[in-house]
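Only one chain is shown below, in structure tokens, and it's the form predicted on its own.
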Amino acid sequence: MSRPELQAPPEIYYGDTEAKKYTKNTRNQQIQADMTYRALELLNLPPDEPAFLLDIGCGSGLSGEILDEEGYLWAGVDIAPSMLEVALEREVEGDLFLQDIGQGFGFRPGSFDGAISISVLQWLLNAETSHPTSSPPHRLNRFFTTLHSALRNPSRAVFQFYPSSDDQIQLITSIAQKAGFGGGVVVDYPNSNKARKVFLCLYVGGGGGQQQQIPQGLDGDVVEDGKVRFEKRRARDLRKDKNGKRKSQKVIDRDWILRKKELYRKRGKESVPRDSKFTGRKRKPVF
């Protein structure tokens, strides 16, 4: 079967029927969750600190649900109205924008602490018309230039995408670098046809030597049903600290809630609840 991006523009391909079908598919849900967790791992945000993230190509909010679970605030953009309608029906927490990312963003400079994108970037590689502004280089340049401006300094943006050739990877990377980004491509499980995943990990600003280092891709040789053996073990390891002890769950205490509410206020979000002496207190269970 032909790849979706070769069949029709995303706003047409993901009509009402396909948007609902895609969202209800358990396999799609699992893939979106796995790729979002990996993108957050590569984003390498400071632990236990609130952050405002941009979800590029948020669709029906499957990746946004993971951002919610991890305690992040987020805004999502997508070109498919039907996908955003499903997201609204599912009452996702993020702010949603109908946006053609190939036309660029209109956010204020430094609005976001980071950005992720799951299975979206390849859609920019197809020209829908013969007009120069529809060419992939033009749309990619507009996309990366305005995204660079919308991210704070320093920060990261991580894109999981499906290139069809090395030339496409080279095109995307070179245009991102011309827009001011540092970083490069990270390939997980490069020796596996089924498990191989490509990520573009980009940096804004310096932030020290560690900020500029491109992360190492995951590796594995044995694949069962499209998944690398020991992946579950790796998932368990991600929940352990450097001493091998299990990480504690994110603590949502008074200070964490106050920081999150202050970030909401800075972003201009209305109806932020006022602080009180009860802020951050655990609710008593109801039996």
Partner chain sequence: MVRLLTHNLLACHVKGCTSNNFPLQFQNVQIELREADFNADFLKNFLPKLEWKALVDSAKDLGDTSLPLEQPEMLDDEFLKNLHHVLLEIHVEEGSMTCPNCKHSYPISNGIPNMLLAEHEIG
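Residue numbers count along the first chain shown, from 1. The shown structure was predicted, so the numbers you read here are calculated from the model rather than taken from an experiment.
We do not show the form predicted in complex with the partner chain, though everything after this point is about it.
Colleague: Answer for Ala127 alone: is it within 4.5 Å of the partner chain in the predicted complex, judged on heavy atom distances?
Modeller: It does not: once the partner chain is placed as it appears in the predicted complex, Ala127 has no heavy atom within 4.5 Å of it.
Colleague: Even though the partner chain is not shown here, does Ser111 get within 4.5 Å of it in the predicted complex, heavy atoms only?
Modeller: Close contact exists here: in the predicted complex, Ser111 approaches the partner chain to within 4.5 Å, heavy atoms only.
Colleague: Heavy atoms within 4.5 Å of the partner chain in the predicted complex: does Thr173 have any?
Modeller: No, Thr173 sits far enough from the partner chain in the predicted complex that none of its heavy atoms falls within 4.5 Å.
Colleague: Spell out, yes or no, whether the shortest heavy atom distance between Glu49 and the partner chain in the predicted complex is within 4.5 Å.
Modeller: Output for Glu49 is yes: heavy atoms within 4.5 Å of the partner chain.
Colleague: Which pick from Ser119, Ser149, Gln99, Gln168 sits with a heavy atom within 4.5 Å of the partner chain in the predicted complex?
Modeller: Contact residue from the list: Gln99.
Colleague: Which residue, Ser164, Ser135, Gln103, Asn191, is the contact with the partner chain in the predicted complex, using a 4.5 Å heavy atom cutoff?
Modeller: Going through each option in turn, the one that passes is Gln103.
Colleague: Work out which of the listed stretches, 81-89, 154-162, 197-205, 183-191, brings a heavy atom within 4.5 angstroms of the partner chain in the predicted complex.
Modeller: Correct option: 81-89.
Colleague: Can you tell me which residues in 59-87 come within 4.5 angstroms of the partner chain in the predicted complex, by heavy atoms?
Modeller: Residues within 4.5 Å: Leu73, Trp74, Ala75, Ile79, Leu84.
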